[in-house]
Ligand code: AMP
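Just one chain is shown here, as structure tokens, and it is the form predicted alone.
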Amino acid sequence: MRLFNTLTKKIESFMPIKPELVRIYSCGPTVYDHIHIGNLRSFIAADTLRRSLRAAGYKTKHVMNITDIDDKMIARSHELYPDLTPEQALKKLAQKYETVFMHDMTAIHNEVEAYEFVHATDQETIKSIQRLITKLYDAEIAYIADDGVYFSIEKYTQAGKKYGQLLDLTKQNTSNARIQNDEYDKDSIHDFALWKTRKDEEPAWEFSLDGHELLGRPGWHIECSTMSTDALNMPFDIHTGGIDLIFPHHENEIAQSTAATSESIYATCFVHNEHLLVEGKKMSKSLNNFFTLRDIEEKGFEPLSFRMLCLQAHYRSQLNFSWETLQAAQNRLQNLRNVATLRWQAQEMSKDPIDLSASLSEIQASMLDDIDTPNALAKLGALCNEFDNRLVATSELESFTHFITEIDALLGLDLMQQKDITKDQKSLIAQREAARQSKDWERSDTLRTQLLSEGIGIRDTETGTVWYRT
């Protein structure tokens, strides 16, 4: 399998550290609101990566964090639940939107059961965060300030470590300012907060460091460093996320995780997906140009049509969202579903069999070449075109069913869930065929119209009548 590695800036053969298990960490949601579909693109990319690794024969351990404490979480919990204590409000907010997130993940057919979810506010996570901060402080790479504990970029680089592994960072964009805000200016290098002392009406945890009582809570970056390495050890194989997380978030994760150890590698491969754009601009809540899965559903689209839209573009290419492109994706999905329903219509016939095994191998090969979903879908479409004017032969049914099952496992399009039509609808098709044979065109047309009113279209081919859902 080949992947573009942000660390090396090139496509390279992926080699797991331990061949028996590929360990993946994906930056998950901050559960303070409905996530927008730009975030969902990242999660679809990570899910498709894991599916591709499985197709390559690897077993995986896939960990995703739930950020349930940060600046946005605290502000929103005050806004929605002003009558609760800070701790109660934070917990209620997190539970509400984690439930929404899991619904969204399921709706777009990300394999929720394949993930191990970890939470920043779990008691053991908080303890691990405090242990890592203490280790960094003892190594003199972290220092105590009046509003918390900070990571020193200068001390880190003086220790022989490189800050700027994922992108080029120079002295020209270095600032002496300390930054407490989690998502700070991405154009400058700053010392960043590992631990923030409590402000009024904030949830907080006890923390003693070198005689200082630092009642407070963790910074955003240190949470992921701890959750990833606690679950996967260090180094692990693959870290995923959107390109907007390269700096400062992922760069800071590398720094924190490697600063006080002889190990220089945090993860051997970083896989980043490009932005989802709206009218040529990055989708974000700050620009108020974002959509959620609710918006898609309210417009009459299925969540899986959004998954198809994402798969149509390479994960490293920017993708422009519009209702027109979403409609085209939904149409393409429906076409694939109609091919999948051919398994309910198999019949004896003397047709040369289609080599489904070879087609599956070609599609899988595309996915193993830096997760080339557009090429995989093109090959899938070309195969489906071969079934435009014919049914599936009974002798092909087993291989056809296996093919659709494997495509579902690889792309997550849920094609095998397409159900058979009813006995009454099959009877109407048989009656129409009888009318055609007797050249009763009026009755044939009447029966076709009746089927259409039930959402069933029909197409006459050289091997018989094919039904499909409109």
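A residue's number is simply how far along the shown sequence it sits, counting from 1. These numbers were taken from a predicted model, which means no experiment stands behind them.
The same protein has a further form, the form predicted together with ligand AMP, not shown here; the description that follows concerns it.
Colleague: Is residue 274 a contact residue for ligand AMP in the model of the complex, using a 4.5 Å heavy atom cut-off?
Modeller: Judged by the heavy-atom cut-off of 4.5 Å, residue 274 is in contact with ligand AMP in the model of the complex.
Colleague: Residue 61: heavy atom within 4.5 Å of ligand AMP in the model of the complex?
Modeller: Because no heavy atom of residue 61 falls inside 4.5 Å of ligand AMP in the model of the complex, the answer is no.
Colleague: Tell me, yes or no, whether residue 74 is in contact with ligand AMP in the model of the complex, where a contact means a heavy atom of each within 4.5 Å.
Modeller: Because no heavy atom of residue 74 falls inside 4.5 Å of ligand AMP in the model of the complex, the answer is no.
Colleague: Is residue 42 a contact residue for ligand AMP in the model of the complex, using a 4.5 Å heavy atom cut-off?
Modeller: It does: once ligand AMP is placed as it appears in the model of the complex, residue 42 has a heavy atom within 4.5 Å of it.
Colleague: If contact means any heavy atom within 4.5 Å, which of 422-430, 437-445, 28-36, 398-406 contacts ligand AMP in the model of the complex?
Modeller: Contact-bearing stretch, as computed: 28-36.
Colleague: Work out which of 230, 98, 244, 251 lies within 4.5 Å of ligand AMP in the model of the complex, going by heavy atoms.
Modeller: Among 230, 98, 244, 251, a heavy atom within 4.5 Å of ligand AMP in the model of the complex occurs only for 244.
Colleague: Work out which of 383, 166, 283, 260 lies within 4.5 Å of ligand AMP in the model of the complex, going by heavy atoms.
Modeller: The residue from 383, 166, 283, 260 that makes the contact is 283.
Colleague: Scan 103-117 and note down the residues that get a heavy atom within 4.5 Å of ligand AMP in the model of the complex; none is a fine answer too.
Modeller: Result: empty, none.
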